[in-house]
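A lone chain, given as C-alpha coordinates: the form predicted on its own.
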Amino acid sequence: MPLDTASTYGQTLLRTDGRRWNELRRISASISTQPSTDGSSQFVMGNTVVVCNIVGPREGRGQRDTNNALIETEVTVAPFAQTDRRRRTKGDKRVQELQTTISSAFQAHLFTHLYPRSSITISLHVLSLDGALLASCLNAASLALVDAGVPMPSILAAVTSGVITSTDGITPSDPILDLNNSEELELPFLSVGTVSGLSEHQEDKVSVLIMESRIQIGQNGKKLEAMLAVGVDGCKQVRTIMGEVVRTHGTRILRGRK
(Lines give C-alpha, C1' and ligand atoms only; values in the text may rest on other atoms or scores of the structure.)
Protein backbone atom coordinates (compact mmCIF):
# COMPACT_ATOMS: atom_id res chain seq x y z
CA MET A 1 0.00 0.00 0.00
CA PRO A 2 1.56 3.36 -1.01
CA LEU A 3 2.23 5.99 1.62
CA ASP A 4 -0.06 9.00 1.77
CA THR A 5 0.74 12.47 3.06
CA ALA A 6 -2.05 12.66 5.65
CA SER A 7 -0.96 9.54 7.54
CA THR A 8 2.83 10.05 7.45
CA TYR A 9 3.21 13.82 7.83
CA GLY A 10 2.18 13.88 11.49
CA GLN A 11 5.00 11.48 12.40
CA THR A 12 7.87 12.84 10.31
CA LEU A 13 6.78 16.39 9.38
CA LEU A 14 7.92 15.45 5.87
CA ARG A 15 5.85 14.85 2.78
CA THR A 16 6.07 11.71 0.68
CA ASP A 17 8.71 13.26 -1.60
CA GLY A 18 10.85 14.41 1.36
CA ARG A 19 9.94 18.11 1.28
CA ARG A 20 8.90 20.19 4.25
CA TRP A 21 5.60 22.08 4.29
CA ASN A 22 7.01 25.34 2.83
CA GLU A 23 9.43 23.94 0.26
CA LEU A 24 9.01 24.25 -3.51
CA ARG A 25 9.90 21.55 -5.97
CA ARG A 26 12.84 22.06 -8.30
CA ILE A 27 12.06 24.94 -10.67
CA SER A 28 13.88 25.75 -13.90
CA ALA A 29 12.90 28.01 -16.77
CA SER A 30 14.21 29.46 -20.00
CA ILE A 31 12.93 32.02 -22.49
CA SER A 32 13.37 32.52 -26.25
CA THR A 33 13.20 28.77 -26.79
CA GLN A 34 11.40 29.18 -30.16
CA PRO A 35 13.03 31.94 -32.26
CA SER A 36 10.30 31.74 -34.92
CA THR A 37 7.64 33.07 -32.52
CA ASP A 38 7.20 36.54 -31.03
CA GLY A 39 7.87 35.16 -27.56
CA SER A 40 8.47 31.73 -26.06
CA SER A 41 9.43 30.00 -22.84
CA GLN A 42 9.77 26.66 -21.11
CA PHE A 43 8.84 26.27 -17.46
CA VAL A 44 9.60 23.20 -15.36
CA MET A 45 8.17 22.76 -11.85
CA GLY A 46 9.07 19.37 -10.46
CA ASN A 47 7.97 16.87 -13.11
CA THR A 48 5.53 19.31 -14.74
CA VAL A 49 6.82 20.72 -18.03
CA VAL A 50 5.02 23.46 -19.98
CA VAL A 51 6.13 25.13 -23.21
CA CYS A 52 4.56 28.45 -24.21
CA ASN A 53 4.55 30.37 -27.51
CA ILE A 54 3.26 33.92 -28.04
CA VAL A 55 1.90 35.30 -31.32
CA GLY A 56 1.24 39.01 -31.34
CA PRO A 57 0.34 41.67 -30.73
CA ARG A 58 -1.14 41.54 -34.20
CA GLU A 59 -4.18 43.00 -35.90
CA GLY A 60 -7.36 41.40 -34.59
CA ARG A 61 -10.06 40.16 -36.90
CA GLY A 62 -13.67 40.87 -36.07
CA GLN A 63 -12.75 42.24 -32.64
CA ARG A 64 -15.50 44.12 -30.84
CA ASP A 65 -13.29 45.94 -28.33
CA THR A 66 -11.57 48.76 -30.21
CA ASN A 67 -9.75 50.14 -27.15
CA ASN A 68 -7.85 47.11 -25.85
CA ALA A 69 -6.06 44.07 -27.17
CA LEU A 70 -7.81 40.71 -26.89
CA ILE A 71 -6.00 37.87 -25.10
CA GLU A 72 -6.63 34.41 -26.55
CA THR A 73 -5.36 31.21 -24.98
CA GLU A 74 -4.92 27.73 -26.41
CA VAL A 75 -3.98 24.86 -24.09
CA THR A 76 -2.86 21.48 -25.39
CA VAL A 77 -2.13 18.55 -23.06
CA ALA A 78 -0.04 15.82 -24.65
CA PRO A 79 -1.45 12.29 -24.31
CA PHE A 80 1.86 11.13 -22.81
CA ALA A 81 1.84 13.89 -20.17
CA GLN A 82 0.22 11.59 -17.59
CA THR A 83 0.47 7.90 -16.84
CA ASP A 84 -3.13 7.23 -17.89
CA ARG A 85 -2.33 8.66 -21.38
CA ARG A 86 -5.69 10.36 -21.52
CA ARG A 87 -6.25 12.42 -24.67
CA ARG A 88 -7.75 15.81 -23.85
CA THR A 89 -9.52 17.48 -26.77
CA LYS A 90 -10.30 21.18 -27.18
CA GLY A 91 -13.82 20.49 -25.93
CA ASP A 92 -12.56 19.06 -22.64
CA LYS A 93 -14.09 20.93 -19.71
CA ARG A 94 -10.82 21.21 -17.80
CA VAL A 95 -9.00 22.58 -20.85
CA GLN A 96 -11.71 25.16 -21.49
CA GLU A 97 -11.60 26.24 -17.84
CA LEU A 98 -7.82 26.68 -18.04
CA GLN A 99 -8.08 28.74 -21.21
CA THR A 100 -10.73 31.03 -19.76
CA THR A 101 -8.84 31.54 -16.49
CA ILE A 102 -5.52 32.32 -18.18
CA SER A 103 -7.11 34.70 -20.69
CA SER A 104 -8.98 36.56 -17.95
CA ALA A 105 -5.86 36.82 -15.77
CA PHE A 106 -3.67 38.37 -18.47
CA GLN A 107 -6.48 40.47 -19.92
CA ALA A 108 -6.56 42.33 -16.61
CA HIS A 109 -2.80 42.19 -15.98
CA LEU A 110 -1.26 43.36 -19.27
CA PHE A 111 -1.32 46.92 -20.60
CA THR A 112 -3.75 45.96 -23.35
CA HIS A 113 -4.79 49.57 -23.94
CA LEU A 114 -1.47 50.14 -25.71
CA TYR A 115 -2.54 47.74 -28.51
CA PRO A 116 -6.10 48.66 -29.56
CA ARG A 117 -7.82 46.46 -32.12
CA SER A 118 -5.14 43.81 -31.67
CA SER A 119 -4.94 40.24 -30.40
CA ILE A 120 -2.32 38.31 -28.47
CA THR A 121 -2.44 34.51 -28.67
CA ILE A 122 -0.96 32.40 -25.86
CA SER A 123 -0.29 28.79 -26.92
CA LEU A 124 0.52 26.43 -24.06
CA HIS A 125 1.71 22.86 -24.55
CA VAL A 126 1.82 20.59 -21.49
CA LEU A 127 4.49 17.93 -22.08
CA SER A 128 4.51 16.42 -18.58
CA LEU A 129 2.00 16.79 -15.77
CA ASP A 130 2.65 16.14 -12.09
CA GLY A 131 0.48 18.72 -10.36
CA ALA A 132 0.29 22.56 -10.45
CA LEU A 133 -1.11 22.62 -13.98
CA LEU A 134 -2.70 26.07 -13.83
CA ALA A 135 0.21 27.58 -11.90
CA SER A 136 2.78 26.23 -14.36
CA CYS A 137 0.78 27.50 -17.33
CA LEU A 138 0.51 30.98 -15.80
CA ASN A 139 4.24 31.09 -15.05
CA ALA A 140 5.20 29.89 -18.52
CA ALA A 141 2.86 32.40 -20.17
CA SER A 142 4.19 35.24 -18.03
CA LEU A 143 7.79 34.52 -19.07
CA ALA A 144 6.84 34.19 -22.73
CA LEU A 145 5.00 37.52 -22.65
CA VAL A 146 8.10 39.14 -21.17
CA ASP A 147 10.12 37.65 -24.04
CA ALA A 148 7.56 39.03 -26.53
CA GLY A 149 7.99 42.51 -25.08
CA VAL A 150 4.38 42.93 -24.01
CA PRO A 151 4.36 45.61 -21.27
CA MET A 152 3.08 44.63 -17.82
CA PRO A 153 3.43 46.11 -14.32
CA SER A 154 5.26 43.05 -12.95
CA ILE A 155 5.73 39.34 -13.50
CA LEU A 156 2.67 37.29 -12.63
CA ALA A 157 3.78 34.30 -10.54
CA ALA A 158 1.57 31.42 -9.45
CA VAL A 159 1.78 28.36 -7.20
CA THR A 160 -0.49 25.84 -5.50
CA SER A 161 -1.06 25.40 -1.78
CA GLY A 162 -3.03 22.84 0.20
CA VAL A 163 -3.75 21.75 3.73
CA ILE A 164 -3.11 18.48 5.57
CA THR A 165 -6.08 17.68 7.79
CA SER A 166 -5.25 15.73 10.92
CA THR A 167 -6.77 12.28 11.18
CA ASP A 168 -7.40 12.48 14.94
CA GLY A 169 -9.28 15.78 14.81
CA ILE A 170 -7.13 17.23 17.62
CA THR A 171 -3.86 18.11 15.90
CA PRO A 172 -4.13 21.42 13.99
CA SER A 173 -4.14 21.30 10.20
CA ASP A 174 -0.90 22.27 8.46
CA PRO A 175 -0.74 24.13 5.13
CA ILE A 176 1.70 22.90 2.48
CA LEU A 177 3.18 24.53 -0.61
CA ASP A 178 3.45 23.36 -4.23
CA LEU A 179 1.52 20.08 -4.34
CA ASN A 180 2.43 17.26 -6.70
CA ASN A 181 -0.16 15.12 -8.48
CA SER A 182 -0.58 12.52 -5.73
CA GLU A 183 -1.08 15.25 -3.11
CA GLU A 184 -3.67 17.01 -5.29
CA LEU A 185 -5.68 13.79 -5.51
CA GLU A 186 -5.61 13.41 -1.75
CA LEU A 187 -5.76 16.92 -0.23
CA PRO A 188 -7.83 20.09 -0.71
CA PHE A 189 -5.80 22.73 -2.54
CA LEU A 190 -5.99 26.01 -4.40
CA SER A 191 -4.05 27.82 -7.12
CA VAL A 192 -3.05 31.41 -6.46
CA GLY A 193 -1.26 33.94 -8.65
CA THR A 194 0.03 37.30 -7.47
CA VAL A 195 1.67 40.42 -8.88
CA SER A 196 4.11 42.56 -6.93
CA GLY A 197 3.11 45.97 -5.62
CA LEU A 198 4.02 49.19 -7.40
CA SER A 199 6.55 50.00 -4.67
CA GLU A 200 8.57 48.06 -2.12
CA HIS A 201 6.23 49.11 0.68
CA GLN A 202 3.10 47.78 -1.04
CA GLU A 203 1.98 44.21 -0.55
CA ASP A 204 1.56 41.76 -3.40
CA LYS A 205 -1.87 41.71 -5.01
CA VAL A 206 -3.75 38.48 -5.68
CA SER A 207 -4.53 38.31 -9.39
CA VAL A 208 -5.74 34.70 -9.69
CA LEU A 209 -7.38 32.57 -7.03
CA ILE A 210 -8.97 29.26 -7.97
CA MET A 211 -10.19 26.81 -5.34
CA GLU A 212 -9.53 23.45 -6.97
CA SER A 213 -11.46 21.36 -4.41
CA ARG A 214 -13.91 21.72 -1.57
CA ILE A 215 -12.92 22.81 1.91
CA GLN A 216 -14.85 23.71 5.03
CA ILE A 217 -14.79 27.42 5.90
CA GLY A 218 -15.28 29.01 9.29
CA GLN A 219 -13.54 26.43 11.47
CA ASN A 220 -11.15 27.34 14.25
CA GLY A 221 -8.24 26.10 12.20
CA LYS A 222 -8.80 28.76 9.51
CA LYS A 223 -7.66 26.40 6.78
CA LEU A 224 -8.42 28.68 3.85
CA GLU A 225 -6.58 31.65 5.36
CA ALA A 226 -3.51 29.50 6.05
CA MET A 227 -3.53 28.08 2.52
CA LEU A 228 -3.76 31.56 1.01
CA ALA A 229 -0.97 32.95 3.20
CA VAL A 230 1.37 30.09 2.27
CA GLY A 231 0.45 30.46 -1.40
CA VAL A 232 1.17 34.20 -1.48
CA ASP A 233 4.56 33.62 0.15
CA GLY A 234 5.29 30.85 -2.36
CA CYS A 235 4.47 33.21 -5.24
CA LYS A 236 7.21 35.55 -3.99
CA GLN A 237 9.72 32.70 -4.17
CA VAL A 238 8.62 31.74 -7.68
CA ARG A 239 8.74 35.38 -8.85
CA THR A 240 12.31 35.68 -7.56
CA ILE A 241 13.34 32.65 -9.63
CA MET A 242 11.52 33.93 -12.73
CA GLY A 243 13.06 37.37 -12.35
CA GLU A 244 16.53 35.84 -12.20
CA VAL A 245 15.81 33.93 -15.43
CA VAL A 246 14.81 37.16 -17.19
CA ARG A 247 17.88 39.04 -15.94
CA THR A 248 20.21 36.22 -16.96
CA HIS A 249 18.71 36.14 -20.45
CA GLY A 250 18.97 39.92 -20.77
CA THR A 251 22.60 39.86 -19.69
CA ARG A 252 23.36 37.19 -22.27
CA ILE A 253 21.78 39.28 -25.03
CA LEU A 254 23.72 42.40 -24.04
CA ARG A 255 26.99 40.49 -24.01
CA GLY A 256 26.26 39.15 -27.50
CA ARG A 257 25.83 42.66 -28.90
CA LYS A 258 29.25 43.84 -27.74
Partner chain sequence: MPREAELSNIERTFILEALAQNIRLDGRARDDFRNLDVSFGDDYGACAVQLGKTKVNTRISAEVTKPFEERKFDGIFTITTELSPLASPAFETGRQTEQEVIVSRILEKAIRRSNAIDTESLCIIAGAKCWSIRADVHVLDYDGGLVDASCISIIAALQHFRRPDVSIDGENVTIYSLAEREPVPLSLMHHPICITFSFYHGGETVLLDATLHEEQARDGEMIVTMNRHGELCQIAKLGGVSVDALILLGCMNMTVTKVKDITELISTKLREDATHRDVGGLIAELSAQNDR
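Residue numbers count along the first chain shown, from 1. These numbers were taken from a predicted model, which means no experiment stands behind them.
Omitted here: the form predicted together with the partner chain. The next part is about that form.
(request) Could you confirm whether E212 comes within 4.5 Å of the partner chain in the model of the complex, counting heavy atoms only? (result) The answer is yes: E212 has a heavy atom within 4.5 Å of the partner chain.
(request) With heavy atoms only and a cut-off of 4.5 Å, decide whether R94 touches the partner chain in the model of the complex. (result) It does: once the partner chain is placed as it appears in the model of the complex, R94 has a heavy atom within 4.5 Å of it.
(request) State yes or no: in the model of the complex, is some non-hydrogen atom of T89 no more than 4.5 angstroms from a non-hydrogen atom of the partner chain? (result) Flag for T89 set to no.
(message) I'd like to know if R58 sits close to the partner chain in the model of the complex, meaning any non-hydrogen atom pair within 4.5 angstroms.
(response) Outside the cut-off, so no.
(message) Going by heavy atom distances of 4.5 angstroms or less, which of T101, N180, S173, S119 would be at the interface with the partner chain in the model of the complex?
(response) The option sitting close enough to the partner is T101.
(request) Decide if the three candidate residues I155, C235 and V246 all line the partner chain in the model of the complex, where lining means a heavy atom within 4.5 Å. (result) Not one of the three qualifies.
(request) Tell me, please, which stretch of 37-45, 22-30, 50-58, 187-195 lies within 4.5 angstroms of the partner chain in the model of the complex when heavy atoms are compared? (result) Flagged stretch: 187-195.
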